[in-house]
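Quick heads-up: it's one chain on its own, the form predicted alone, in structure tokens.
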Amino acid sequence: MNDCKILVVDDEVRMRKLVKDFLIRQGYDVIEAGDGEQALDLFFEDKDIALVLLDVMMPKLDGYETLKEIRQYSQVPVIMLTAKTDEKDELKGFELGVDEYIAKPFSPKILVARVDAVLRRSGVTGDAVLEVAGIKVDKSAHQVFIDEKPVDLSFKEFELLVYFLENKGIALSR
């Protein structure tokens, strides 16, 4: 149904399994990481992650530091899923660029609904292929073709091209 890949990052195995099971039932492809370092390795290795579900309190590298690192290279949607419910913690998450903040304990059905909403807003579930002036971009396969010839782009170059094509005709700031 969705075919979107979601990275679930939490040091609690039971929590990852619960979230994974609900997301898989909705047709999402799920990969898991037990800490921030492993999450970053998977994120930069797997170029087609559509969304990251990120816990805050983890060993090695916490969720805030993981989010900072992701935001240096990507605007992929990120949902914080955490037991840290203080206003200052939530505000810190939003300041760092999180798209949604969900407090534990949570309803798995509400979690899935929020995942759907964030992906819808981010345009991930929209057109998977963009075509403009001989340039064809397959977002789901992360492939670019110019006049039917494949072009190799870095992850950042690919993201920028997609961003420019999705915002054609709009004056953009730096």
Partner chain sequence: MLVMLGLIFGTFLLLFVAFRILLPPIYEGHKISTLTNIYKSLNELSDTSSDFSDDIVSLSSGSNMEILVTDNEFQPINSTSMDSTYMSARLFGYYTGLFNEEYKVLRTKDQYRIQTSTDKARGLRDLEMWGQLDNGGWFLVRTPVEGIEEAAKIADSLLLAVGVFVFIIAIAIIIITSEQISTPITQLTALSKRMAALDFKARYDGPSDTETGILGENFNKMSSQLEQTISDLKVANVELQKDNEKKTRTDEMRREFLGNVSHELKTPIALIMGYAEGLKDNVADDPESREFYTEVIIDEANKMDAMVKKLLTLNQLEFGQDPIRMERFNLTALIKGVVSKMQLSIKEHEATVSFPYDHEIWAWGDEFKIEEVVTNYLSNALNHLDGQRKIEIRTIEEGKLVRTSVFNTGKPIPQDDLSRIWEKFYKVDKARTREYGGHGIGLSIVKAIMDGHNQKCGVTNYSDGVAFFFDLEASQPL
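Note that the structure is a prediction, hence the values are computed from the model and not measured. Residue numbers count along the first chain shown, from 1.
Not pictured, yet referred to below: the form predicted in complex with the partner chain.
- Contact with the partner chain in the model of the complex, defined as a heavy atom within 4.5 Å, is made by all three of L18, M57 and K104.
- Among residues of the shown chain, E166 is not one whose heavy atoms approach the partner chain to within 4.5 Å in the model of the complex.
- The partner chain in the model of the complex comes within 4.5 Å of a heavy atom belonging to F22.
- Although the partner is absent from this view, G134 stays clear of the partner chain in the model of the complex, with no non-hydrogen atom inside 4.5 angstroms.
- Contact check for L91: every heavy atom lies farther than 4.5 Å from the partner chain in the model of the complex.
- The partner is absent here, but in the model of the complex a heavy atom of K109, alone among K68, R121, K109, K47, sits within 4.5 Å of the partner chain.
- Shown alone, this chain has one stretch from 36-44, 113-121, 22-30, 142-150 that lies within 4.5 Å of the partner chain in the model of the complex by heavy atoms: 22-30.
- Of the residues in 69-96, those that come within 4.5 Å of the partner chain in the model of the complex through at least one heavy atom are, in sequence order, A83, T85.
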